[in-house]
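Presented as structure tokens, the chain that follows is alone, the form predicted on its own.
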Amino acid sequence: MLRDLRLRDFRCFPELVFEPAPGLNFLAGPNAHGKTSVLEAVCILLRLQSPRANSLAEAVRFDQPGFGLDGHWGERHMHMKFTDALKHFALDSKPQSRSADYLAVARVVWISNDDLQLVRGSGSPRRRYLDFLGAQVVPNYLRQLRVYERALRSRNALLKDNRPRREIAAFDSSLHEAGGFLLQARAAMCADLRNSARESCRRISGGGEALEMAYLPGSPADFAAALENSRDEEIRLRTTVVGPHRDDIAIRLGGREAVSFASEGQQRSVVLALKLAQAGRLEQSADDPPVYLIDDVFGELDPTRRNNLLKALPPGAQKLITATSLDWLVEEDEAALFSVGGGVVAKKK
């Protein structure tokens, strides 16, 4: 579990020290006072990526050259700094040139209101949902994803410029080798998540509709053949038309498309169920449960779903939860309560 976190020049904080409790932690305070930034810093320290921003440069405090993060996950000392558009990270005071050993230390689940895009948005957030899980539980997943993305960008650039076929074909081998890996891994992850997501949705909603999720691959099983057969359409559209970059997940509630027929409360239940299923898969992959980073979700739920979600969270996991108010919280004795404001996170006694 996360024992402590230290920030420097991160978002609105010049400096900050935060020491969460092992179990349930609530960070309360007005909007725009840094609650979400604390959770984001935890995620970046443990996973080297932000759940909120496409670039870590967005997290640098105004007019500063970079930021620094430091903390302990159990007995492991983790340090990360971002400066001059580069990430530098160390594990137990030893600089790391590769991220694999560093990322193997901790697991993270991020849950926020933006996750509604898992139901309402295009296929992109659903692919990111699988990629965030795959990078933590599937060996070699992140490397294969990066290989695929680089080959896809190069190939699409050549298609857009209407370059000769032989130049485009130079990237086919890398594309279908890495792409085949991703297609297989994502299909397996969806199969692993299906039953857990259904059960989590039942618990959060109090019964009712059954959640169904199905993997929709962006290519037939033989990706290499599909790539070959799509040549004419590629030339016409000047982009790669088959592959895992076209993957999606079908999400249904009670047999109907959740995006079209589910109420907002039902959609929120679906999203939370997907995230809890992701967390369960992460826990299966390691000796320790992941840390749950839950950003301002409870205020958007009705009392029944709010309490059902709290009960659905594993009691042995560390949970950091932000909220503007804790007036609704009944069992305060089980939680560590922190106030956030004025650049300070203070524990309530």
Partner chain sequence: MKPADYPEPFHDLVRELRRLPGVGPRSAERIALWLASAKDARPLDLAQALRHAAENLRSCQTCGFFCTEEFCEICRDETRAGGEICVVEQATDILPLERTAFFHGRYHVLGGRLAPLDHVGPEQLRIGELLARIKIEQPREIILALSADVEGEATTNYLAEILTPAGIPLTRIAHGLPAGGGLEHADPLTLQRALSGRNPVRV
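Quantities reported herein were computed from a predicted structural model and do not represent experimental measurements. Residue numbers count along the first chain shown, from 1.
Below, we refer to the form predicted together with its partner chain, which is not included among the displayed structures.
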### Query
Is its partner chain close enough to Gln144, Ser154 and Arg163 in the model of the complex that each of the three has a heavy atom within 4.5 Å of it?
yes
### Query
Between the options Asp222, Glu257, Asp101, Glu167, which residue brings a heavy atom to within 4.5 Å of its partner chain in the model of the complex?
Glu167
### Query
Considering Ala226, Leu158, Leu91, Ile251, which brings a non-hydrogen atom within 4.5 Å of its partner chain in the model of the complex?
Leu158
### Message
Given a 4.5 Å cut-off on heavy atoms, tell me which of 260 to 268, 172 to 180, 194 to 202, 209 to 217 is the interface stretch with its partner chain in the model of the complex.
### Response
172 to 180
### Task
Answer for Asn140 alone: is it within 4.5 Å of its partner chain in the model of the complex, judged on heavy atom distances?
yes
### Query
Might Arg120 be said to contact its partner chain in the model of the complex, defining contact as any heavy atom within 4.5 Å?
no
### Query
Does at least one non-hydrogen atom of Arg150 fall within 4.5 angstroms of its partner chain in the model of the complex?
yes
